[in-house]
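Given as structure tokens, the chain that follows is alone and in the form predicted alone.
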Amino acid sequence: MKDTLTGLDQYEVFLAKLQKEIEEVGDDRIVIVYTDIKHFKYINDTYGYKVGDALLEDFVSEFMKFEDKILCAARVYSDNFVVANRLSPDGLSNEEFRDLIYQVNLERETKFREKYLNSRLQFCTGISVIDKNSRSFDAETAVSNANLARKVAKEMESDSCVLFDQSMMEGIKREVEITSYIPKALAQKEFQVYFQPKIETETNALIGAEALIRWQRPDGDFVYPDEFIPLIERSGQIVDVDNYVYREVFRFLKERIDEGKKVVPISVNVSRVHLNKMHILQYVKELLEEFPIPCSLVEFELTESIYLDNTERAVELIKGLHKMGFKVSMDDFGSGYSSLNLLSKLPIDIIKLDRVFLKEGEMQENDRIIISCVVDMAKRLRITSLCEGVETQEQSAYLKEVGCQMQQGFYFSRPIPQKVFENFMEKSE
């Protein structure tokens, strides 16, 4: 049986063929290559399914140029493909084969980016190897290992092709440990909301803050966001953690208002997972009923990648938040390659220039020019500009020179616990 779009084997047929090859592997090696197209959904959403299908057909045509070296190939689903090759004992090493696939991916990316007008197009590939020492692996395990390596590649910025090794299984165990503990951590209030101040450039006054999650275990050890955030995004638990942050921020602001104390707008982050079911709008509405506060005191930050993953849903969410009276910002602006195109489509209020614009050490002329142009463009579009990652007086002074309206970074303050932030607010009056 064949896939109707690509003409490749259906996945079940592929597994049967691969299993037979594994049982007869001998001294050769069987290499399983699992690839998907990063941001493929953006292609479908932006250019339509006809273009998306054409891209998939072109992709298959590219790797089938090596048909004489392919044992079997299948489209697993959507833009996910798996191919099995045979390597002789005296042929390329596993690492050399990985390097070869990496170079082939780069060539394909360059070719397809030109054809499909999408500079973010990227192939993410995982590779697993079966030899006579691991022939006890069945076909599904071999593909699963390659798929796991692909997932690792997809999370990496520097490498889009990864060779499976057993240590990745330890990462899976750690992921299961963390995700299974999340409900208990929430119930025991192990999560804390920290605040990183935002400063008005012209006056150096405190003008707001960003709410950030921190996790401290009962033994006092911290689990750092870089470790647990990607895991709970994959598991979907990020929605529960985000909702916890939203509730804490609403509660914090309401208590300050009731006590007649100073408040400033607080921004909260929105994970891409919220776009799947859009329950966030109902939850925020319920929070407003429980903690009635001015909506001008809460801002929702969506990363640039969220807009790229599902522009239609992102616009729907922005409009829903605007209707309630909240502001919306684009976080990590400039971290991708389609920012300018997005600005013309999205009704956002604030852009947060990614810290990539502020290199370590002395600012280079090219960086200055880019920042100046982005800030000027934001003004013309009537969008407020904020630059994050400010760490030096020189950077801060330049942002003032070019008219960037707000700043955030270690130069002013690291993320700080609620009590420390309250003192920060009191001193800023």
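Everything numeric in this text was worked out from a predicted model, so none of it was measured. We number the residues from 1 along the sequence you see.
There is another form of the same protein, the form predicted together with a small molecule; it is not shown, and what comes next is about it.
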Examine E388 and determine whether its closest non-hydrogen atom to the small molecule in the predicted bound form is within 4.5 angstroms. yes
Does P225 make contact with the small molecule in the predicted bound form, using a 4.5 Å heavy atom cut-off? yes
4.5 Å heavy atom contact, L281 and the small molecule in the predicted bound form: no
Verify the contact flag for V143: yes if a non-hydrogen atom of it lies within 4.5 Å of a non-hydrogen atom of the small molecule in the predicted bound form, no if not. no
Between the options S305, N80, N269, N147, which residue brings a heavy atom to within 4.5 Å of the small molecule in the predicted bound form? N269
Considering non-hydrogen atoms and a 4.5 Å limit, which listed residue (C295, V152, I229, L186) is close to the small molecule in the predicted bound form? I229
With the partner removed from view, which of 390-398, 28-36, 46-54, 373-381 is the stretch that lies within 4.5 Å of the small molecule in the predicted bound form, judged by heavy atom distances? 390-398
